[in-house]
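In structure tokens, one chain follows: the form predicted on its own.
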Amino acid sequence: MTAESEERLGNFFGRNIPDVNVIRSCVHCGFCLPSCPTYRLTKRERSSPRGRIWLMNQVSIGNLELLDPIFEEEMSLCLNCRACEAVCPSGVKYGEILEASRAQIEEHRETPVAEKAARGLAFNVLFSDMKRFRVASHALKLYQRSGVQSAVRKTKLLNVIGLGESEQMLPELSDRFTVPHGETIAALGEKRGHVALFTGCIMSTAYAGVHESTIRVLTRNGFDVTLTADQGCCGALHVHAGEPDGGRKLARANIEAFEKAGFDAIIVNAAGCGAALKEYGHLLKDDPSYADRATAFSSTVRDVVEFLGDAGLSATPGPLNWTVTYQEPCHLAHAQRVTKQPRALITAIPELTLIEMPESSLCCGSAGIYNLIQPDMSSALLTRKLDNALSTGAEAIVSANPGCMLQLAAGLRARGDRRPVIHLIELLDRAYAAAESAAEPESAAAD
């Protein structure tokens, strides 16, 4: 029984019906409870993974209406952090049935006009086309750099109309964007392989510097890097928000962009994007023209931290006399199960000290657009995360996902704390820059 072949399952009906076999694979053992952020904060059974699966089952057998307020609330309140999947002894694919349940709700509920317009602008206009997304990003950069943003914030007008907190979450746009045209940056030294870089949307505009660091680190370690043309957004925001058709359209376009040439790996430096790309096989499982191609595509996707951790560093980083702590992105640690490689790369940097924070893998509350639609829960989780991070006394917080970095940086600004939040690959890039700086005096002396 699959999500698309069933026309009705109890009070689930239409398209994108959750897989009943996944729903009923949960044995309600409770191993998921300590790992669930919303349960940890509320201590409420319905706000746990097994509680939400129980609600899904009640809808599937007709005992609960699809648009029951409690069901809608709990499907929205879940962060989809996938921490429950990582500890589940039964291997329940919770993310799949949560996303299908959200799609069911979005398909059948009455959406307020303002919300419908906002969703249409985001999902059907901006994130569906990178040219439009970059135009909007340039406009946002002008808003930030022209002084208008500062002036608007001083007026407190945004607070009056309820947009003050949301506007604070806007990322600062990079000086230059990463626009892939199919170019290849050659490896330095002995070549070890040829990879493609997934540039995405937010990463290519707000975190283009991370892409530049990624390219430098990969080429220093012997890999040619190609910026494949015609790629776009990964579709994760669509799928998480109950818009799987939009996600499927983007998935098909990305598959076509990357399958034209054989690469050793498709490299991703955003944990949320990587998790989405690795699950294209599931997303397109009912599409006869793309199902096999999607599975083949996903098998080549690697997070840059995962890839370098497994391949090993051929170039030795230079010393950084820093103390850092590592915040684990949920979609790297739980969805992709990548936990050892980040720490191995951090500790490979000479003179750098890693201090583990308490609850490093508990969600920070970002979760895509969760901080916009569930601000109270998001804020509570952010407070908990920052308290844990700052208790280490670290000089910087290291992470590997743009949403986490935005969330943490905004939280630090609100506290008046100026310590940086840095992507792990940027940290490694700085270490290589330190190695080059140390080598320059020796070269000069030799001359």
Partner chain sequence: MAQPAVVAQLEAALGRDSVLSNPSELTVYEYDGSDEALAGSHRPDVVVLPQTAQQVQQVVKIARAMGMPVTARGGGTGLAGGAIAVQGGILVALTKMDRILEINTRDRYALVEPGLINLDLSQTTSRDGYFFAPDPSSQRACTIGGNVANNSGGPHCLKYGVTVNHILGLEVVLPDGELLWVGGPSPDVPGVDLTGILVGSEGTLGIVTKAMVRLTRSPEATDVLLAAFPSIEAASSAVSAIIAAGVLPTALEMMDALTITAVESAYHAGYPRDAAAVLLIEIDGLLEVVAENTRLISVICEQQEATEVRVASTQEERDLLWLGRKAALGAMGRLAPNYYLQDTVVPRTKLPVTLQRVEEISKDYKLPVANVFHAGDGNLHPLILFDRHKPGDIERVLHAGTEMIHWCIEVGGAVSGEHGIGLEKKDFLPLVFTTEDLAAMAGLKLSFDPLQLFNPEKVFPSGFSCGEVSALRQQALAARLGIDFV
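Numbering follows the first chain given and starts at 1. What you are looking at is a predicted structure, and each value in this text was computed from that prediction instead of being measured.
Another form, the form predicted together with its partner chain, is not on view; read the next lines as being about it.
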Inset, instruction - Scan 97, 346, 88, 79 and let me know which has any heavy atom within 4.5 Å of its partner chain in the predicted complex. - result: 88
Inset, instruction - Go through 23-31, 395-403, 408-416, 375-383 and give me the stretch that gets within 4.5 Å of its partner chain in the predicted complex, heavy atoms only. - result: 23-31
Inset, instruction - May I ask whether 35, 46 and 55 all come within 4.5 angstroms of its partner chain in the predicted complex, judged by heavy atoms? - result: yes
Inset, instruction - Answer for residue 64 alone: is it within 4.5 Å of its partner chain in the predicted complex, judged on heavy atom distances? - result: yes
Inset, instruction - Mark residue 340 yes when one of its heavy atoms lies within 4.5 Å of a heavy atom of its partner chain in the predicted complex, and no otherwise. - result: yes
Inset, instruction - Look up in the predicted complex whether residue 388 has a non-hydrogen atom within 4.5 angstroms of its partner chain, and give yes or no. - result: no
Legend entry - is_contact(residue 420, its partner chain) in the predicted complex, heavy atom dist at most 4.5 Å: no
